[in-house]
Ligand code: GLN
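Shown here is one chain on its own, the form predicted alone, set out as structure tokens.
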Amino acid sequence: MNYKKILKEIETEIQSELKKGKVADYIPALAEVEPNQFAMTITLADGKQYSVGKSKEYFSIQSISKVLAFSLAIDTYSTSLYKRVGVEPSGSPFNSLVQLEYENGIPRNPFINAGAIVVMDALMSHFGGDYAALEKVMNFTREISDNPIIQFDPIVAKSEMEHASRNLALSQLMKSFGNFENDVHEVVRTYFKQCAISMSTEDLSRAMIYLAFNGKDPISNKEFLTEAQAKRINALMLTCGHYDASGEFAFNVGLPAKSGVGGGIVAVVPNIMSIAVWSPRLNAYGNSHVGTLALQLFTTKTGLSIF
């Protein structure tokens, strides 16, 4: 299949859509990003990459980082983690307090904000504090992306902490139900640093290849997760990876994927490739408008889908 030609076609076809949607301006640092950008990269099992657009441009991966943290947590805690966070789609906004209270402080899944904060709380308890937990996430990210210089953006992290009222409220609510072990402010601050990790589509596509191959990186031959663990993460990405638009994304694209409000989306085609796309303008659900369209065009043109 001529992937280079297909990506070029997609880049051409999405041009008229680049000015639709808006950036995540509720995070001031993200509001300053040039909005009409686009990049897309695929990575194959032999390490070959194909890209279009600004594929080397670094951006804030935001909620895509939840997949990385959850990979560490599920490997550390195994099924005991599910006592603290569920595996069901939420059907509600990603920062809903109402649903969390109704369900006694147990977040629906690890990809909504409350669930991801619980995952960071668990990592901090296991690894011995905020610095150690963050370093584990950062080192894991560097290893799977084969890029040792990846960092988080302190300006973005600080900007998010200055507007953290809702996430702090979620955390305090979970603490009131006994589903929190560490200092609320320390956990949320560390969670924001995780969300502020900066990567390019080339980095992200390379990083996610382990989920396309049952937890094992076919390029480095390193095993990061068991086949069963990778299966569970892919299932969660399919059902929960785009918040309350996850069903629509599965219907139109048909791949396990995870979005972030920085405009990035990662997706995997089992046993074939991993994909990363980036365009900062978001749709009404908080997912990249052009990124979603690009992935829909890709699966239509290639016929690559899990369905």
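All residue numbers are counted from 1 along the displayed sequence. This is a predicted model, so every value here is computed, not measured.
The same protein also has a form predicted together with glutamine, omitted here; what follows describes it.
Exercise for review: Consider F70 of the chain shown here, and say whether it contacts glutamine in the predicted complex, taking contact as heavy atoms within 4.5 Å.
Suggested key: So F70 does not count as contacting glutamine.
Review point. Can any non-hydrogen atom of G260 be found within 4.5 angstroms of glutamine in the predicted complex?
Key: So G260 counts as contacting glutamine.
Check your understanding: Given that the partner is absent here, does D217 sit within 4.5 Å of glutamine in the predicted complex, heavy atoms only?
Key -> Although glutamine is absent here, D217 would stay clear of it in the predicted complex, with no heavy atoms inside 4.5 Å.
Exercise for review: Considering only heavy atoms, tell me if Q62 and glutamine come within 4.5 Å of each other in the predicted complex.
Suggested key: Judged by the heavy-atom cut-off of 4.5 Å, Q62 is in contact with glutamine in the predicted complex.
Check your understanding: 125-133, 140-148, 186-194, 218-226: which one contacts glutamine in the predicted complex at 4.5 Å, heavy atom to heavy atom?
Key -> Selected range: 186-194.
Review point. Among Y26, N113 and Y243, does every residue place a heavy atom within 4.5 Å of glutamine in the predicted complex?
Key: Yes, all three are in contact.
Exercise for review: Note which of S159, N167, N179, S90 lies within 4.5 Å of glutamine in the predicted complex, where distance is taken over heavy atoms; exactly one does.
Suggested key: Only one listed residue qualifies here, and that residue is N167.
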